[in-house]
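Have a look below at one chain only, the form predicted alone, in structure tokens format.
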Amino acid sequence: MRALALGLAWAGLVSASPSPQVDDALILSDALPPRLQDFGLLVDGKTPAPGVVPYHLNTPLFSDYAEKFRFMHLPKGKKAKATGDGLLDFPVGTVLIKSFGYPADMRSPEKDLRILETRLLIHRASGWVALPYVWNADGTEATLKRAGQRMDVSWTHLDGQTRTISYAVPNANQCKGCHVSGTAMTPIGPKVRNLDDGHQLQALAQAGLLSGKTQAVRPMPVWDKPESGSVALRARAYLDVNCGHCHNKAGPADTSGLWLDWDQPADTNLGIGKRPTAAGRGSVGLDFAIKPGDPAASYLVARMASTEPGIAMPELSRSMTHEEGVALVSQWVREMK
């Protein structure tokens, strides 16, 4: 949708007047600035300052249909390193930036867009730090909200119907709930396989921001574009992005034995014929995480479709059912032999 704007930004032509200056010293410090503007990273919630570049993911995390704008800033003279098809190795001083917003009408996503929050992941010497900033009503200032915040949001959806949610800005502990590997906080989105769209990695390399191998072993498809991959591959990409950061051998849900990351073989740990590991509401009375050929009898699908606390999965980042995502995973299960 924003290919032209992204291309101009890669060329260094997207700017505003006057342009803010990125404060690398503040980024590297231990400070928790009360204003997002103190960093000098963005002109507004969706326009990068010079030295900040946009990126996109082939398959993004679902967050209640929010529009997202992703950017990265690397310290001058430093590069991210690609090793295999997993997460890029970012140098200390990197900032990953993600703004969330809603248009008044999803059928015209570029019009009347309200940015609600901007989340930063800052790579400091002590590790990664997550800071959520909430924008005021007129979009002129964003303030730090480490305790999170709720906001009522309404929009006209693609079907022409009005939808209203209580949008949740995560608190610091909730950020850790997803952005953790072992005991350390880490980014989860910018993996080589999910950045490899045929030109984005090459553009990063040409801009002097990326080193190492830039060809993914198996690029992830775009979950909602059939031409990008089979139903099975697109469903696996969707599960990896929406579930795999927790459901993996080193993630917070490792004890479940249900591992939904991209590299997981199609076996019991992927959920195929897998029975619940513990009694409780999580299985919603069903015997298998995935019962091949029968999505209605698969509790993985049932939990994706639910919005009930204690049953709904993922637990964070959504208050609505992602109908299209459930439909894709259901189709994958239905086609299993």
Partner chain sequence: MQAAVIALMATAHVQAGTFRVEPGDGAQERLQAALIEAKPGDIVDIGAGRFDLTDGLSLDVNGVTVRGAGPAATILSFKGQKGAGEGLLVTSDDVVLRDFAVEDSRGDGIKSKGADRIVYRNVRVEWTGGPKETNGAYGLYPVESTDVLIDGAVVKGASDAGIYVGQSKNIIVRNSTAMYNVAGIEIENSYSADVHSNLAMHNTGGILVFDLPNLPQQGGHSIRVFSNRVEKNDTPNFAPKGNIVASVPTGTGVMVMANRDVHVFSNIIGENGTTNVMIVAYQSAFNDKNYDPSARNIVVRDNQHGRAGWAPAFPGGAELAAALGGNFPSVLWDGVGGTAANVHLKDPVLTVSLNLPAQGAAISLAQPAAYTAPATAAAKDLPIIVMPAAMEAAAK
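Residue numbers count along the first chain shown, from 1. This one's a predicted model, so the numbers in the text were calculated from it and none came from an experiment.
Below, we refer to the form predicted together with its partner chain, which is not included among the displayed structures.
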Q. Among 84-92, 198-206, 244-252, 98-106, which stretch has residues with heavy atoms no more than 4.5 Å from its partner chain in the predicted complex?
A. 244-252
Q: Tell me, out of His123, Arg114, Lys145, Lys79, which residue has a non-hydrogen atom within 4.5 angstroms of its partner chain in the predicted complex.
A: Lys145
Q: Select from the listed residues Leu286, Val43, Ala305, Val53 the one whose heavy atoms reach within 4.5 Å of its partner chain in the predicted complex.
A: Leu286
Q. Should Asn269 be classed as touching its partner chain in the predicted complex when contacts are defined as heavy atoms within 4.5 Å?
A. yes
Q) Closest heavy atom of Ser256 to its partner chain in the predicted complex, within 4.5 Å or not? A) yes
Q: Give a yes/no on whether Asp23 approaches its partner chain to within 4.5 Å in the predicted complex, heavy atoms considered.
A: no
Q.
Although the partner isn't part of this model, could you tell me whether Arg35 comes within 4.5 Å of its partner chain in the predicted complex, counting any heavy atom of the residue?
A. no
